[in-house]
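The chain that follows stands alone, in the form predicted alone, written as C-alpha cells.
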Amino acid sequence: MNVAILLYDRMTALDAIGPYDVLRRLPGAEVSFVAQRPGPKRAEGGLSLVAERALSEMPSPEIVVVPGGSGQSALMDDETLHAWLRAAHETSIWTTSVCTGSLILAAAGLLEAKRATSYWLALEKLGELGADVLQERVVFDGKVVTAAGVSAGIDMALALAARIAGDQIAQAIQLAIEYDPRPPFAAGSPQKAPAEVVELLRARSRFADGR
C-alpha cells in the first residue's frame, strides 16, 4: 500500500510524523514524503524533513496524508497542489488530513458537504470552505478522514490502521509505539482547558484575523 505524506515549509512536524510512525508499520506499507519539489522542508521551529519524491512522481497513492501548520495559508491558492490532490483523490483508497491540513483539502474542493474536523481554532474557517464541521477528534466520511489538531493525527492513523488491517494489527501498532497518553493537565481541548488559557491561545491565533 503506497502512502504519500505531503511536506511543505512551516508545516507542523508531528502532523506528518505521527501518522508516519503508525502507517509505516502496516503490513506491506510503503510510505513516501512528497512535495512539489523534492528536498528538505523546514517545519515550524526549524526542524527539517526531507521530501524524497515530487508530486508528479506519485500521481496515484492509495493513502494521502495532508498535514497542517502555519505554512498551510500559503497553499490555499496553490492550484498545482490542488490539482494533484483532486487527481490523487480520484483513485485513492483513503484521503486524510491532520489539523489545518483539512483547510487545504477544502480549498481543493474535496470537503464540500463532507463531515470533517480540524484544529479547534480553524473550525469556523473550515465551515466557510464548505465542510460540514464536527468538533471531534477524528471524523470519517466515506474515504475522507480528517483529524483535529496535531496529536490527533496519531489517533487518526490508528483508526485508519484498524480499517485497513483489523483491530488486532492496529492495537499491536499502538502497543509498539506505546501510545498510552496520560497528559499532566486536562487542557487538551477548549472544552477542558481553563477559560483563561483558551482565551490566551485564541488571542495569539493566526485565525483571529480570519486567515
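Since this is a predicted model, take the numbers as computed values, not measurements. A residue's number is simply how far along the shown sequence it sits, counting from 1.
Below, we turn to the form predicted in complex with another copy of the chain, even though it does not appear here.
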Legend entry - Within 4.5 Å of another copy of the chain in the predicted complex, all of Y20, F33 and A159 (non-hydrogen atom): yes
Legend entry - W120: touches another copy of the chain in the predicted complex, heavy atom cutoff 4.5 angstroms: yes
Legend entry - Residue contact check: Q168 to another copy of the chain in the predicted complex, 4.5 Å heavy atom: yes
Inset, instruction - Consider S48 of the chain shown here, and say whether it contacts another copy of the chain in the predicted complex, taking contact as heavy atoms within 4.5 Å. - result: yes
Inset, instruction - Tell me, yes or no, whether R86 is in contact with another copy of the chain in the predicted complex, where a contact means a heavy atom of each within 4.5 Å. - result: no
